[in-house]
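Here we start with a single chain on its own, the form predicted on its own, put down as structure tokens.
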Amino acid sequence: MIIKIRRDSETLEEFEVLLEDNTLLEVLEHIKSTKDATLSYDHSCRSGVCGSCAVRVNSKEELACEYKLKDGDIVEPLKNIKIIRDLVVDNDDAQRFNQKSNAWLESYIKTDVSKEDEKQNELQSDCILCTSCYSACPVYEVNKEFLGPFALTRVWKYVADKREDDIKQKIELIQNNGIWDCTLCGECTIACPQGISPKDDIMMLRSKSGVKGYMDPNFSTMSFGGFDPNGGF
């Protein structure tokens, strides 16, 4: 079986391995131990929980510990993210955006939380911080200050939490380079290994923003076939 691995921005290195029905992570470990000890990649839990082994296979985001390798597969690091070496990338921006948008329970209200309340943001809690959504995001590709799917879906988790007392501040922090910059293409939803839909969460944040008195800043410059949204034609 042949596997091709991108070792830098231009070079694909080809390896032949005599393995079948193995995960990509197992094959990477085999290559490192028997063919090239310098091959670099991230991994930790080996069970699809930590998200650290996320890469792209044939231009699609995958977890190396879960993906079953096929002959001729092309393996690359995540896209749109600074490469440290080989398949290892720097995920610091995702954490920076998380902090910039205050994506945590900030102003606590002591209140009873029902099972239905827990279910409202249960899915967002399943995020494994793999940053595959940033790799797939066309907006982040051209705007490195876009808060991005990971941070915005975490904001929704806490905006939807009835224990959060200062929702308006969180909504305010995601207006610029945030929810209105998203194109709602859904690529982040497709890439997420946990089945989370940042697109849906961003749509909910837009709705909540409207309730709080915010609107798309691009609205005033949109074309309405001669109709002026601010009045007149």
Partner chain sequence: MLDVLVVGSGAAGLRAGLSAKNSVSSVLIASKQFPTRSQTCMAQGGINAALSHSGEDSVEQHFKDTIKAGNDLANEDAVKKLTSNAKEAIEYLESIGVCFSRDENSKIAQRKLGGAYASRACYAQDFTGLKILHTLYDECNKQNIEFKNDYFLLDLLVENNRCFGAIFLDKKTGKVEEIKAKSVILATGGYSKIYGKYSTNSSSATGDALAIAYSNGAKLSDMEFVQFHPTALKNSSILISESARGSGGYLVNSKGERFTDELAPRDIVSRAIDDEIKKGEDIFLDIRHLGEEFIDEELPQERKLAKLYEKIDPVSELIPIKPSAHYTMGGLEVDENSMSSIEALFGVGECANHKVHGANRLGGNSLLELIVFGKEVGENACSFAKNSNLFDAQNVKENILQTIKTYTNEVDFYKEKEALAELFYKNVGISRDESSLNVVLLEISKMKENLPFMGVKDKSEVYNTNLIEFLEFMNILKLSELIVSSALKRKESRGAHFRSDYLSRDDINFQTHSIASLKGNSLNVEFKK
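Numbering follows the first chain given and starts at 1. Keep in mind the model is a prediction, meaning the values are calculated, not measured.
Form predicted in complex with its partner chain: not shown, discussed below.
Within this chain, residue 43 lines the site of its partner chain in the model of the complex, having a heavy atom no more than 4.5 Å away. Within 4.5 Å of any heavy atom of its partner chain in the model of the complex lies no heavy atom of residue 169. Although the partner is absent from this view, residue 161 contacts its partner chain in the model of the complex, with a non-hydrogen atom inside 4.5 angstroms. Although the partner is absent from this view, residue 143 stays clear of its partner chain in the model of the complex, with no non-hydrogen atom inside 4.5 angstroms. Heavy atoms of every residue among 21, 49 and 122 are located within 4.5 Å of its partner chain in the model of the complex. Scanning 59-86 for heavy atoms within 4.5 Å of its partner chain in the model of the complex gives 65, 66, 68, 84, 85 in sequence order.
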